[in-house]
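One chain comes next, on its own, written out as structure tokens in the form predicted on its own.
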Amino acid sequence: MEKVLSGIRPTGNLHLGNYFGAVKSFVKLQDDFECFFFIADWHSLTTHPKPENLRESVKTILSEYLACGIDPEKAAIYVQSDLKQVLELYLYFNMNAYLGELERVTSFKEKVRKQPDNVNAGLLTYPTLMAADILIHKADYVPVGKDQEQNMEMARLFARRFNRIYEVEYFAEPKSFHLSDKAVKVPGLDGSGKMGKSEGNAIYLVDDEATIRKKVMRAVTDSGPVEPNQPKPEPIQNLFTIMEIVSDRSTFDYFNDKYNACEIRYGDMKKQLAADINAFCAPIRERILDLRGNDDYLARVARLGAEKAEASAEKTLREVRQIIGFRN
């Protein structure tokens, strides 16, 4: 069975964009692929989180993955730092990674610009750690966005370089797996772009009803259309896009017709949209809150996932050590 791997940094709650953009597809993928989903806590150290924040964030992401429908009996859900084999493979890749090529990585240059007082080695070698995460399982596919495509190319580079140096055909080149044919791009509530944590325009799966209502009612609108059937400006189209995702078709059609007839009342539309978002999120939210209070169950899930991931990783590392020349 072909393998799929995906990781997420524990930097906060999942939002609607995460769910429709990736997690919903992961739930489907687990039925057809051998899936490894991990929480990238080592990667998060590049920003120096406090211990209590790191622990709570890992717990939060694990709870949310499970609440969204990822089944620990089907997919391995594990915490990155539970898989020590990754660090050894990371070391081997670093020995064959060159300063110039790492410094040219776009995400590194962007981080240097944003945090000039914290340009650490972890930022520089982010691509080699990501390559180790992927290649430790010899993953066939990695669902990524465009912002990670260069890091994926680096993973393929390290796979080729390992094969060339040791004159083997061991690592296959992992393929980027784009979810655009299955996933939905969820826009933000600020009138432009996509929904995201850093943009401050997100509705989180764990948001309560009052918070959802407050966020939606503050969404950017305009004074309304002045001519029938005129194109919708981006902020208005964003609201309709979200409504198309979470509301009944009849609800969407009603407000779309009102807009085209220049009879739209944005206040009414926002109230309905807030109610529909809450109806969608409520069962997931309840499940998240229930799981977050069950430390024993979360610990069992993490252990089960680590055991599955370790079996895969240990096989790879044993073979890599033999190829390089180390005793097992």
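The first residue of the sequence shown is number 1, and the count goes up from there. Rigid core: the largest C-alpha set superposing within 1.5 Å between the two forms. Small disclaimer: the values here were computed from a predicted structure and weren't measured.
The following text describes the form predicted together with a small molecule, which does not appear among the structures shown.
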**Item:** Residue stretch of 134 to 142, 97 to 105, 161 to 169, 113 to 121 approaching the small molecule in the model of the complex, non-hydrogen atom distance within 4.5 Å
**Value:** 134 to 142
**Prompt:** Taking the shortest heavy atom distance, is residue 151 within 4.5 Å of the small molecule in the model of the complex?
**Reply:** yes
**Request:** Consider residue 9 of the chain shown here, and say whether it contacts the small molecule in the model of the complex, taking contact as heavy atoms within 4.5 Å.
**Result:** yes
**Message:** Residue-level contact is defined here as any heavy atom of the residue lying within 4.5 Å of the small molecule in the model of the complex; does residue 40 satisfy this criterion?
**Reply:** yes
**Prompt:** Does residue 5 reach the small molecule in the model of the complex if we count a contact as any heavy atom within 4.5 Å?
**Reply:** yes
**Asked** Which residue among 242, 203, 130, 77 has a heavy atom within 4.5 angstroms of the small molecule in the model of the complex?
**Response** 130
**Message:** For residue 84, does the CA position differ by 2 Å or more between the shown form and the other one when the superposition is done on the rigid core?
**Reply:** no
**Message:** Once the core is aligned, does residue 305 move its Cα by at least 2 Å between the shown form and the other one?
**Reply:** no
**Prompt:** Comparing between the shown form and the other one on the rigid core: C-alpha of residue 320 shifted by 2 Å or more?
**Reply:** no
